[in-house]
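Before any questions on binding or motion, here is one chain by itself as structure tokens, the form predicted on its own.
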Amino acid sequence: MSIKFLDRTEYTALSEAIPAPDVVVVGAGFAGSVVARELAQRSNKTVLVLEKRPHIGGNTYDHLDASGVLVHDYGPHIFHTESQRVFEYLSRFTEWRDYQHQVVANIHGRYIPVPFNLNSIELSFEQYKAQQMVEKLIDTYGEGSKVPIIELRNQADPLLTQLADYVYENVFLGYTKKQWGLTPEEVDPSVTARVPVLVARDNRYFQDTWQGMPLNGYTALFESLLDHENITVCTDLDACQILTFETGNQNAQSGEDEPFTAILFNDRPFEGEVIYTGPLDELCNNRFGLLPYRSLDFIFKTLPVKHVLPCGTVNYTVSEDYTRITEFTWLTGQELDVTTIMEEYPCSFEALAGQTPYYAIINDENHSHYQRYLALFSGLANFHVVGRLAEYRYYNMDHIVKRALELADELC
């Protein structure tokens, strides 16, 4: 690896001597790193990547724990995509381990595949009724389709209604309340649509064409992605210490909604491109208050056995305070005499020290709140937002890479 790394102390010492880059990228996750690589390579731009954390990789950062298990510090991340461009692009920076993720729900002590599918029905109902439900689902929706549970509950057919109520009560309701702190009816439909009933016998959690895990882990992928002579990465440095924003008339009493008109880099006017992947409220010192997010707490446990779970992840939909447990050796394929599991506890995000915003709470009120922040940057043609936090929406990893590549296409 030959990434040009600077830590906060080194950057502070050298900042006066270092010329301003062509591009400043805030955040070394997928969104920022992909744009950084593309602009550095395709446009021969000098790129400075600023990362608040002490490591690259964003929420996909992984490392070997004390027992030698490759763990994901911010929750499990499994790559899957229908985009050939995204798959081929990332394949430039990693080889892949063929891995098809499976998830089961622990429903009153029984392991049931999720998404809830035809196999799940047969494990949950007596044989004759299960057969009727399977036939009815196939006749109504067609084999291979994915039916959102909310839509299934609106069916008039009593058999499908019974199935929908069972899935709603045992798979969906408790998990959703824990995950979001809301009832399913209060959660945006774009979120609930991610929890379907699958009219098939495919026990994989994802059905995408391309699936797998980076052979040597995500951090190694990012080390390759950011390894370019035009890229300098500065970790453990808050971009708010480097980038500031001015409004048109600094001497007049301006309203708090007045859009910014200039970007300052180290207190000097900056005309290059700024790619921002973090929370907009944080960049604006929370002037309109915190944007609502859900956060997560994790508890890692290493156990002296080969495996403790039947597959990569077990969801706890009707019991426990945590939503799921992930066992990393299933994901990595490591053959060890120990294993590491991770319990996942959702919680509200309050911007406490060490707390990470994971999921935007999407509704009309919060969207308007976000748009108020976004409007502050409307007059800056060289300021671009990309990614989950900066766009205040949910993206899978491959969608983030696709968005980053599309932004790079525009800027190149």
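In case it trips you up, residue 1 is the first one in the sequence shown, and so on. What you see is a predicted model; the values in this text were computed from it and never measured.
Although not depicted, the form predicted in complex with a small molecule is the subject of the following passage.
- request: Let me know the one among Pro292, Gly217, Pro279, Gly312 whose heavy atoms come within 4.5 Å of the small molecule in the model of the complex, would you?
  value: Contact check passes for Pro279.
| Can you pick the stretch from 367-375, 35-43, 381-389, 63-71 whose heavy atoms fall within 4.5 Å of the small molecule in the model of the complex? | Flagged stretch: 381-389.
ask   = How about Cys284: is it within 4.5 Å of the small molecule in the model of the complex, going by heavy atoms?
value = No, Cys284 is distant from the partner.
Any non-hydrogen atom of Val23 within 4.5 angstroms of the small molecule in the model of the complex: No.
- Flag Tyr395 as yes or no: does it have a non-hydrogen atom within 4.5 angstroms of any non-hydrogen atom of the small molecule in the model of the complex? Taking the distances in the model of the complex, the answer for Tyr395 is yes, it comes within 4.5 Å of the small molecule.
### Task
Give a yes/no on whether Gly75 approaches the small molecule to within 4.5 Å in the model of the complex, heavy atoms considered.
Contact check for Gly75: yes, within 4.5 Å of the small molecule in the model of the complex.
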